[in-house]
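Before any questions on binding or motion, here is one chain by itself as structure tokens, the form predicted on its own.
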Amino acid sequence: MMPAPLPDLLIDPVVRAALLEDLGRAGDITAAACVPAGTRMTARFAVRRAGRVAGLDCARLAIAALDPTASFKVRISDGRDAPAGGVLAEVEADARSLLSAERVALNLLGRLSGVATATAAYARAIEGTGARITCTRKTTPGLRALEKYAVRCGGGINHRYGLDDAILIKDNHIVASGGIGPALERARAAAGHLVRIEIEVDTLAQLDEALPYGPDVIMLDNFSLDDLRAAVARAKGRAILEASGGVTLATARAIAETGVDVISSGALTHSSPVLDIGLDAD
């Protein structure tokens, strides 16, 4: 199922901040010097290698910010796979504006398509196991909503967006709270009826300690495959089990086959290579 697009209202501030950074104090002096005013240009956004598409609205808004009259026609939409050489979109715009917006459009489109492509590879690797791949909060500052959208375009799901939409008790919280029991008791007392509670555990003993308190989700941090299987057997469906730590594309399938519900990987957003996309003028 294709993810719902993000509202322009969420994307536009990111795009405009990137344009302001690039245009600097005097605007695009190269385009202004070389291209006659009023010149129109047509061009195509094309991928150099196959991948999953995400971020076309970023490119559209970057161009529209400088030329509101521009035409932007999508050929391969977000959430779809593009073959090497595939045309993602065709654009017609004022030449100066298009050239000035080019790098911002490509930076965001390539970055988000890279995240989507990496996520799609993980999703394919664990297909049929019942487990799902999710991102983390290890996102590029300022791009979290966009990168999490890209994960959805790749067939993954999203972890919490920030510190305010779920309770996640990690090892340092446990230390500061005086233990697993006190941390979970206080969390349950403070949580609203729509707020889920997750706790991170490092050992099977900690898992056994946490289960009686009824957390909604338990993160199994850096568990071996044998311990993951044991955790699934011990939990008996009483909590959603999330495997985390050291997950790679090579290990994802074996982790999923232990029976965990979710596999989280920060690499989806902090280490995905940019998908090579170019703007080719006609």
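The first residue of the shown sequence is 1; numbering continues from there. If you're wondering where the values come from, they're calculated on a predicted model, not measured in any experiment.
Another form, the form predicted in complex with a further copy of the same chain, is not on view; read the next lines as being about it.
Contact check for Ser100: a non-hydrogen atom falls within 4.5 Å of a further copy of the same chain in the model of the complex. Shown alone here, Leu108 lies within 4.5 Å of a further copy of the same chain in the model of the complex, counting heavy atoms only. Although the partner is absent here, Gly27 sits close enough that one of its heavy atoms falls within 4.5 Å of a further copy of the same chain in the model of the complex. Contact between Asp81 and a further copy of the same chain in the model of the complex is not found at the 4.5 Å heavy atom cutoff. Every residue of the trio Pro5, Val35 and Glu242 has some heavy atom no more than 4.5 Å from a further copy of the same chain in the model of the complex.
The single contact residue among Glu127, Asp165, Asp202, Asp208, judged by any heavy atom lying within 4.5 Å of a further copy of the same chain in the model of the complex, is Asp165. The chain is drawn here without a further copy of the same chain; in the model of the complex, the stretch among 86-94, 71-79, 129-137, 116-124 whose residues come within 4.5 Å of it by any heavy atom is 129-137. Heavy atoms closer than or equal to 4.5 Å to a further copy of the same chain in the model of the complex belong, across 7-28, to the residues Pro7, Leu9, Leu10, Arg16, Ala18, Leu19, Leu20, Glu21, Asp22, Leu23, Gly24, Arg25, Ala26, Gly27, Asp28, ordered by sequence position.
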